[in-house]
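Below you'll find only one chain, the form predicted on its own, shown as structure tokens.
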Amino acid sequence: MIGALEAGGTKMVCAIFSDQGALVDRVSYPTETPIEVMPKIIAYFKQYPELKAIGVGSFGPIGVNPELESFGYITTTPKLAWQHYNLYGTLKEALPLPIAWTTDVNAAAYGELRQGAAQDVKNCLYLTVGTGIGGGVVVNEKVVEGYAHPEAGHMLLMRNEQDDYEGFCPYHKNCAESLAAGPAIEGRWGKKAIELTDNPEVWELEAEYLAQALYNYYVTLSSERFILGGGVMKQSQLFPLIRAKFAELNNGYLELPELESFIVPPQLGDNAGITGCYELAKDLIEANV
């Protein structure tokens, strides 16, 4: 059996998969403090002594570079109780198994590549647009990590000249998260996104910012598929608007794929993250055989 942990900012999802990839069990716990929730997570996995490995996708920022002292830690998260917490090390000490370690959005991207909306390509980017914006990147079937990991939600954008909303990110007032995440929509328009469905001006501006971010990713990464999930993307009218604005930004410059199959919703839904964790753990087992 293989374990998966999607450590999210709101809930911790734990799952057990068979070696063949069947989901055997899944539970979730509120993301309280480490003292409160980590014993529950460890006890859950200890129920399965036949576990071969665990894949972990965590909210971040996290340390992914084994050469740095920050490896395995959740670092500068706004969740104060989790700042500089050694999540990887805590799990490794309690569960002496191979552990695959990456961000929650990298795991979701990898899950969609292996079993979801990007199964037919080798390069994809998964963007979740909700209370924040996070992006996971897979290139040539490998999750992208280097000195750090991608922070696609903090791609800097050109502000619409008519947009006087200051942005809510404390670090960058004109990054994608600051201008296009759920709190930005509420801060700009005075209502939550779900209450603004019938206001076309809201979604025209939202699509403009998201298309701008995607175009920046495209000219940098040449991704073959963009997968957009998260609560804001439940507004399905965004997809055709984003595709149209993406084409406008390209202005005939680069050859583009067929956009309806290029900018798409996820296929795995809420299981994208844990599926990616399973796939990464399986890769780790195979690499060590």
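As the structure is a computational prediction, the values presented were derived from the model and not from experiment. All residue numbers are counted from 1 along the displayed sequence.
In what follows, reference is made to the form predicted together with a further copy of the same chain, a form of this protein that is not presented.
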{"property": "Distance check, Tyr215 to a further copy of the same chain in the predicted bound form, heavy atom within 4.5 Å", "result": "yes"}
{"property": "4.5 Å heavy atom contact, Pro257 to a further copy of the same chain in the predicted bound form", "result": "yes"}
{"property": "In the predicted bound form, Asn140 touching a further copy of the same chain (heavy atom, 4.5 Å)", "result": "yes"}
{"property": "Proximity of Ser28 to a further copy of the same chain in the predicted bound form, heavy atoms at 4.5 Å", "result": "no"}
{"property": "All of Ala152, Leu156 and Tyr253 with a heavy atom within 4.5 Å of a further copy of the same chain in the predicted bound form", "result": "yes"}
{"property": "Among the candidates Ser236, Ser222, Ser261, Gln47, the residue which, in the predicted bound form, approaches a further copy of the same chain to within 4.5 Å (heavy atoms)", "result": "Ser222"}
{"property": "Listed residue (Thr197, Thr90, Asn174, Thr131) with a non-hydrogen atom within 4.5 angstroms of a further copy of the same chain in the predicted bound form", "result": "Asn174"}
{"property": "Contact segment among 90 to 98, 156 to 164, 111 to 119, 183 to 191, judged by heavy atoms lying within 4.5 Å of a further copy of the same chain in the predicted bound form", "result": "156 to 164"}
